[in-house]
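The chain that follows stands alone, in the form predicted alone, written as structure tokens.
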Amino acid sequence: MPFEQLEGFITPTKSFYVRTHFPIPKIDKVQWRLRIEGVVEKPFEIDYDALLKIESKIIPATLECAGNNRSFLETKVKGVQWGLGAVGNAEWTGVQLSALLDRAGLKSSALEIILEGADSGRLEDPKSPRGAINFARSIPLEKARDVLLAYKMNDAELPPEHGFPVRAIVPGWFAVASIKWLQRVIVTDKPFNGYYQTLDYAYWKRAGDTAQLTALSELQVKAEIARPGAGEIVSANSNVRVHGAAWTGNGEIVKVEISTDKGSTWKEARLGGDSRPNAWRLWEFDWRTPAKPGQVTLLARATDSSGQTQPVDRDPDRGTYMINHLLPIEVEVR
């Protein structure tokens, strides 16, 4: 997504970022089936037309790649070197996963829900399984009630690159959980230890002196500056609109602050629109630029309703993911 072009609450589909690990599968929606199986009383499969007959729901939800802002890391790490644009906010139409789980009837031993996509391929990682694997992730049973099985994006049929015919939307979580090209929902009574759940898309979570490898889940509180962009030239002694978006996975954004002096002082920005759960909040700030030409570092930081504030420094235990420390935007005043 060209984040510097951010203007509206909804990201146009044509501008929404795309991330895939395997080739985009070609799926005929007439032949497509979604299977609900595992530790359920009545496993079944459902076709596209039958899914569309179930009561639908429309939600706005922000999806962010877990590696968004990787280019800001001072020590370069592996992975796509995303700048600011591996994030977007769309309106999703679909069926609540809970409707299908209720139909299947969960057994008392149910623990997690595995979401499996039709995309598959072989991995070069020597730690990966031999042969082809499907992209799959799991979510805890209690989170499954929030999941939407989306067949529309911004009031139009899902494009192939965004998961046609159906993708899971797991609101408030990193987009890796929002499986595209969904083909199986597997209810399991054991923790899922798939490749993209443990060896990849995981981080070290500390508890005292110990650290445990943990699957990525909730979005982290974050604000990003859309304009001025990095390296942009602004006029000295003028009024400049600084604006962007902020989001979180735990609550709602309640405050965004701006610093024009590398974090020494902060001033509060104006929040735009109504607060919507699991969707970003637009904000703006009127900046009177210095009369003296030179380089200026702009910073934005967000605070959410749970009291979390964007950290100053990077947590190295997060590896190549979950980048939500303050992101400096250098501009030139002339």
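Small disclaimer: the values here were computed from a predicted structure and weren't measured. Just count from 1 along the sequence shown to find any residue number.
Heads up, the form predicted together with a further copy of the same chain isn't pictured, but that's what we're talking about next.
- Residue contact check for residue 131: one or more of its heavy atoms lie within 4.5 Å of a further copy of the same chain in the predicted complex.
- Within 4.5 Å of some heavy atom of a further copy of the same chain in the predicted complex lies at least one heavy atom of residue 198.
- Within 4.5 Å of some heavy atom of a further copy of the same chain in the predicted complex lies at least one heavy atom of residue 127.
- Although the partner is absent here, residue 152 sits far enough away that none of its heavy atoms falls within 4.5 Å of a further copy of the same chain in the predicted complex.
- Between 199-207, 152-160, 260-268, 234-242, the stretch whose residues reach within 4.5 angstroms of a further copy of the same chain in the predicted complex through a non-hydrogen atom is 199-207.
- This chain appears without its partner; in the predicted complex, the one residue of 91, 116, 146, 252 with a heavy atom within 4.5 Å of a further copy of the same chain is 116.
- Checking 105, 229, 79, 191 against a further copy of the same chain in the predicted complex, a heavy atom within 4.5 Å turns up for just one residue: 191.
- Of all the residues from 303-325, those having a non-hydrogen atom no more than 4.5 Å from a further copy of the same chain in the predicted complex are 316, 317.
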